[in-house]
Ligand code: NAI
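For reference, the chain that follows is the form predicted alone, supplied as structure tokens.
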Amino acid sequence: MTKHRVVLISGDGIGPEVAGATRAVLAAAGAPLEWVERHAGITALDECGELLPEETLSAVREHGIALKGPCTTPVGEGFTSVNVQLRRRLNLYVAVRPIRNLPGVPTRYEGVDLVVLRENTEGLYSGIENEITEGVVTSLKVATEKACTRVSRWAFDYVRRRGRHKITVMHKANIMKLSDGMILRCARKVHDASFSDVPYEEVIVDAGCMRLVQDPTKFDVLLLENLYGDVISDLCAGFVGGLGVVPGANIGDESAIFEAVHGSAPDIAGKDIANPLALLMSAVMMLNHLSETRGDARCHDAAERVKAAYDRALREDDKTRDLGGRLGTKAFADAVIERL
């Protein structure tokens, strides 16, 4: 039987450990995958002399799909984000972040099941900054009709395809009438033309944050521009236990990268205590994407088995230390494998 070739970018810090644990679980589940290993981030700098080698980009373009561990990004200095470069160079224009409560991971919220969709290529993350005179810096926010329309169309199609219930666009168009107004106008146009059956609302982002922390179960699918989406997706992760228990994907028309959205945690690298769950959950998303886009039911079956196995492990209190358990990285992977 044929296997799907998937580019594996292990990343930095704890990346190789959580990637290794994820590979072990997927192999035990019989996922029909063949790995093509490439580098990005500090590891790539050490190995290849570049943060994002062209051979890594070429491999993702060739195979159309990748699984990526965390890559280090310096704060306030140093090199630009490898994650941002990957999204821009490969035109991965929508970030998908599902947020749901997990069994065995108690939080102050229950019944959370929402998805944050984020425009991934422009906004303030375009990185157009200038020091116009000493002590004065400007940062340019970019919004185009093309990008706002395609992410809106993708979002409405996602709601319909996945049987979701409602889409909420969060914005600050009361102040940024042109840039945030652009995504509102495009979302309304797409909704009215092709998705009028999909319930739709618009919420100012600061008021939306208040409503989210009051009761996140009132929301279903959120659509936001780049910066708001980055902030809100991490906020929502806090509802269910943090960045260690949520998956992520960056998807375009030609390629998709599935990734752990937490940091590289260099302070615990090599200690076998990192939680591999976020990357494992992202791998489940990847398998379901392969099932949808390539019509391979084996991928869906493997995804369902892995998801059921880690849910059961968590429910039965086999967890890593960050979730109040006692297991290390490899031991947690073994616990999931035992339940496949």
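The numbering used is simple: start at 1 and walk along the sequence shown. No experiment lies behind these values; they were computed from the predicted model shown.
There is also a form predicted together with the named molecule; it is not shown, and the following applies to it.
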Using a 4.5 Å heavy atom cut-off, which stretch among 311-319, 281-289, 63-71, 31-39 contacts the named molecule in the predicted complex? 63-71
So, a 4.5 angstroms cut-off on heavy atom distances: do all three of Glu259, Gly263 and Pro266 pass it with respect to the named molecule in the predicted complex? yes
Which residue, Val231, Leu184, Ile204, Leu243, has a heavy atom that falls within 4.5 Å of the named molecule in the predicted complex? Leu243
Which residue, Ser152, Asn226, Asn83, Ser255, has a heavy atom that falls within 4.5 Å of the named molecule in the predicted complex? Asn83
According to a 4.5 angstroms non-hydrogen atom cut-off, is Arg87 in contact with the named molecule in the predicted complex? yes
Going by a heavy atom distance of 4.5 Å, is Ile9 a contact of the named molecule in the predicted complex? no
